[in-house]
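Same protein, same chain, two forms; see structure 1 and structure 2 below, as structure tokens.
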Structure 1
């Protein structure tokens, strides 16, 4: 211990400042009493103190490294990293392990193992983060022998907190109904479109009316575009785009008689289905029509998108559902789903299941990866409107009754999860993203229902963030526009782009031709040299050509003849061996 430290910086500083800079931690009972005593002594130089601290730290580090020797003598009851539940790991799994074959190049093997290590680490980290997500999903449980479908909205609203209770409300708009409904992708804004021309957008949580207009024309459908700044309205004649203040931005005459619309947020495509059986794609970032297809199937008033692969599903009056992409003039798939007309279609978030309802009063669930039916339900009145929530709840509207079902694809359902009667027939339904709310548009206005367990509890701040500020929205918009996926990347399997494309021989050959500048396999056409003195007459020309052709032919014949001879010889040898009967044990390895 050095008591004669002359170069102590504390000497140079005023006392108060010294204390401020180097505030001593309060004495703790778990600390070594000797240490405390040593630190208390004012005569300890700063360097000496630091050394002591460093040594202490080093000891701690050593202790933590060597788990076997804890001071108390106990061993760590949870050695190693914390285990991760298998289902969480499975959730973040992207692909199976690549099989390594012995013939692979060592460099390739190295690359594969390294990339697999990184992806495994990412998977584990994501799974760990999944354990600590802040919010839990909602739920509704009845008492014993109480059906959850008998619980009324009022009861639910009474028993939840005030902010949630305000999410159950009704708008009485009997003048211009019935209403179509759409929530923005963050779930904050609500867009209402009345059949008789009333269009309103509302920040529905604060009940703040953003704009309200009457377009003085019948309105078929309304849809938010990529953000809450713009929305599209399908009016009687053509398609209009308004901003959030209700100012008309565009009138797109090319899109006429539109009945239903879908917006593909990652592609910035507005998809419209018209009464004249046209399916059109509008790129809203550049304002150009990407494709227009005549489906030749009559009036298109049933439409939905597959959020997993951006394929558009159309329902038709002959009971079929067709799948469309903008890159193909024909349907990607046609499925005969119902005996009567299809009334409504919905696809779940993972892109695995499709739910359809038809005039034959049936509701069917399909696996759309294999195009196979999974379940079929009979609804006495048939469902006019279907909607799927983020967590897989299905709402079906039969007349003026809204029913919500749970787990329609995994277990056979007998009873609805919830039910509610609205005033008049339902016209449009939409689950609010990231909220336990179902918006129902009907003949008498709009009703917002509380459906516990519908919404995804944890949103991603860089995606659709309900709490984003104006600045964050702007930044998100720029990023999203930069990452706009080109419409030609829409395919049934969205991961196809990440797979190895095994080029066919023709493709490889084409690449080679392009790289080399000539075709290495091409047979050169023989052009006889021009000769003077009449020796290049047409007859002579032809004769010389034929000579070369004969030569080529001879070469080919020679080759095949040689091949024949060798095979014949081999065959004979084999026969001889068989006849001689002298078969050795090693003969079976001979070719």
Structure 2
């Protein structure tokens, strides 16, 4: 019987251990699948194909992460995001980059860096989206040797689209005229107030009548409040507040004989000018009178507001225009504008220019920043009403003729941009916000005129949104009330609010130096060096600062104490000398 020795390792080792020791290593992404297949020999099958597919996918991912993108086998001729013009970036620039010092904490540096990155990203996004704004401003242009002022409203309505053509219409209301006019801040609602008591609210774009009442007494002025839900009517005796359905909400008897009104939207203040020469401010959010000032200038029937700083401009019969704030009982400034009485005043939305018209048949343009006249125009019949649009167009009414002027403060104007004649004399005039529309109230009713280039083409959806729903209006109203500006902050120059009062600071510093006996700001403050391993926590930081501060103060305190001791010693010596110099009645018994 013969025995044979087996040398097969698979027989000597257990089956599981042999496979573990001779298991093939996993494929790596840096290895070429063809080389792996060549080493395996005949093992090129399903496993080799799967490894090749995975390797190809990894190559595609690595190529996509490279800077140069490959599309259809060709390099991208315009790699990266599209460039943005520098002027457009400057338009939406928010702030300059903050200079960080080496001593600042690393967490603070990280917060500042992330804030600047977010601000820069928002700036770029706003600059890119500026290209997709839907509308642009345009003006009326005539043919060769054709004046635009000769183009009638009927010709404009025939040339524009149907939606724009419906914005030109007339309301014949000769029984209760003449009419005052006011548009809401969104430009959707129209408020009409007839001299003989007729008051109406209209959604003028859909021609839907919201309410119509007759107050049975004369109406001097009408004004929308913060939203289209409430409006104020200056009647013969008192000031009344109504809602959009014509229901009387308040009767404010303290505001009597009101002739003109203005509403300050960011302060929720209703400003009234009366025939008794009183200028009054009413806070409509709480229903309280903020200020009442007797101007002592007679009847106040000319008033407008500066939208930039909420200063009220009043025109008087002696040819002066005064500027008022609820914080002071005296006028902030007085300007002699005309040789006769002032008939109308208007201020543009930037707060730089003021236009006035007077009985001397002149229309003047002033720079409010320097209180100097820029231009002066002579109108044969004078202008009784003035109004400025969002884009800087000026409308002037002379009798029953309405004229619109363009660029009155930049270049000399020799002829009007547009002109139109209404049925009777004009009593009220107002440009509609965000629309190329001018509303004119006259003795025969109301006329809506098309004025190309008058309105701002793009609106802020978070502010005055013409297409907002009732829910959006309520949310906007709550936000506006939370952000309401106090009347104390109304000044001629709003930028003064962010400045430091250096005179007051120096006085406080001098008082502090006298109280302490030394100047705490004379020496530069100690800034602890940053340490690692948690030794620069907020607590350790303050401890080191206090320790060094005590060491710095010790010498000053010692000097102060020595000076006080020296002063006290000198005072005692002087007192002893004075006492020794006096003679007593018992000195005669001394030997």
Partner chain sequence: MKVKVLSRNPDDYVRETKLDIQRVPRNYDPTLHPFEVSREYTRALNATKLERLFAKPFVTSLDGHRDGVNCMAKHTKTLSTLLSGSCDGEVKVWNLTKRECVRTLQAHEGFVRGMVVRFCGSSFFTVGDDKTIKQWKMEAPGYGEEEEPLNTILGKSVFTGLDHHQKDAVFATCGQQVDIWDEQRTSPIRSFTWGVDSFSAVRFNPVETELLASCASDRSVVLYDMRESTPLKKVIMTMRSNTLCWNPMEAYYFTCCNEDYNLYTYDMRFLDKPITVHMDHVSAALDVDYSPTGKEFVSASFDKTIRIFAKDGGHSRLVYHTKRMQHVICIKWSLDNKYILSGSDEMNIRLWKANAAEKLGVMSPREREAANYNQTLKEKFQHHPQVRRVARHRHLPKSLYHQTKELRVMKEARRRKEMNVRKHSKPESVPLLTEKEKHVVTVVK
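Because the structure is a prediction, the values reported are computed rather than measured. The term rigid core refers to the most C-alpha atoms you can superpose between the two forms while keeping them within 1.5 Å. Numbering follows the first chain given and starts at 1.
The form predicted together with its partner chain corresponds to structure 1, not structure 2.
Residue 514: CA moves 2 Å or more between the two structures after rigid-core fitting.
Taking 2 Å as the criterion, residue 377 does not count as shifted between the two structures: its C-alpha moves by less than this amount when the rigid core is aligned.
Once the cores line up, the CA of residue 415 ends up less than 2 angstroms apart between the two structures. Relative to the superposed core, residue 81 has its Cα moved 7.6 Å between the two structures.
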